[in-house]
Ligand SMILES: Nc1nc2c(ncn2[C@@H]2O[C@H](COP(=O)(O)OP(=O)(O)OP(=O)(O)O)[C@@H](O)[C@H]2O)c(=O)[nH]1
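What follows is one chain in structure tokens, specifically the form predicted on its own.
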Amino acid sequence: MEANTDDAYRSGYVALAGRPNVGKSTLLNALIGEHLSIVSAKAQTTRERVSGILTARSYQILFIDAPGLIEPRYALQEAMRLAANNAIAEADVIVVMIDGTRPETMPDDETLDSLRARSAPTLVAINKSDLIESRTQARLSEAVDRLGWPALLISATAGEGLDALVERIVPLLPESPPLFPEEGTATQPLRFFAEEFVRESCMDLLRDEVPYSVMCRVDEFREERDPVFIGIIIYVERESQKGIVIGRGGSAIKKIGQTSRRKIEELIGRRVYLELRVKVLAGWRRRPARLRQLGFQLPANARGANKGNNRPRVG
């Protein structure tokens, strides 16, 4: 994806913003060429920002996949909205994503006001271009035109329009040398991706409300071993959920472990010994103190939140 035609090297941050389930994580993975951000058919999968680095001869882009922009109803969603807002505030360029098959994924008025208050250049990426019906496309085009930002049709799954999107982004970036090592593809440590891959497996393999009540944190990580030893605690909110995650005779957690281990090994190119344990952290999604214990940041006005939101992660 070589897009810069002038002599200046350009580097910067690009926030992928939009409602849940519009394809932000799929787009990040497609642009970087790595499975970095977890993908699920279930809504609100992304809880913490994931960053991917795209480096070419004349530019470097740090794409930020942030949680979907939603109106928070409880503490975890407040933390997710804060993460999304922070990503937008830090961005040199903002890409607002819309699911072209669902016009209702257009940003709401409050989100539009906050985006327009930013001075960062903004583009609109209309995802699933290969699936948009002609009637929907006409209605969507009219709505997008009213936003007043340049729009591009893309398909994150099919890889269509991604080069054109990068070509539009690069000239908008500031002139700067690379911000990160050129061989890197992500800014988070391996332990973060190990946690996320286990949670992704839970999202895929567990049913009903249980996946939304799961949070994963590394308890032990020994990269000097062969195989690499990774111990992860799967937190749930209720004792009944613990039994579901474990499964009859340990069948569910065994499947979660096998699926997750393959993903981690593919990412790092080494053998992994993955040890999973399940613990109950009662009502963690709605209790600010529990969320801080898990390492989430909360807005200063969140119910029960204290100033100074940086907290060490469990483990």
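In this text, residue numbers run from 1 along the sequence as written. If you're wondering where the values come from, they're calculated on a predicted model, not measured in any experiment.
We do not show the form predicted in complex with the named molecule, though everything after this point is about it.
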* Asked: So which of 117, 179, 89, 131 gets a non-hydrogen atom within 4.5 Å of the named molecule in the predicted complex?
  -> 131
* To do: Note which of 297, 293, 11, 21 lies within 4.5 Å of the named molecule in the predicted complex, where distance is taken over heavy atoms; exactly one does.
  => 21
* Should residue 46 be classed as touching the named molecule in the predicted complex when contacts are defined as heavy atoms within 4.5 Å? -> yes
* To do: Give a yes or no for residue 288: in the predicted complex, does one of its heavy atoms lie within 4.5 Å of a heavy atom belonging to the named molecule?
  => no
* Answer yes if any heavy atom of residue 122 is within 4.5 Å of a heavy atom of the named molecule in the predicted complex; otherwise answer no. => no
* Asked: Closest heavy atom of residue 39 to the named molecule in the predicted complex, within 4.5 Å or not?
  -> yes
* Counting only heavy atoms and a 4.5 Å cut-off, does the named molecule in the predicted complex sit next to every one of 67, 127 and 156? -> yes
* Asked: Where, among 25-33, 268-276, 242-250, 53-61, do residues come within 4.5 Å of the named molecule in the predicted complex by heavy atom distance?
  -> 25-33
* Counting only heavy atoms, which residues in 239-275 are within 4.5 Å of the named molecule in the predicted complex? -> none
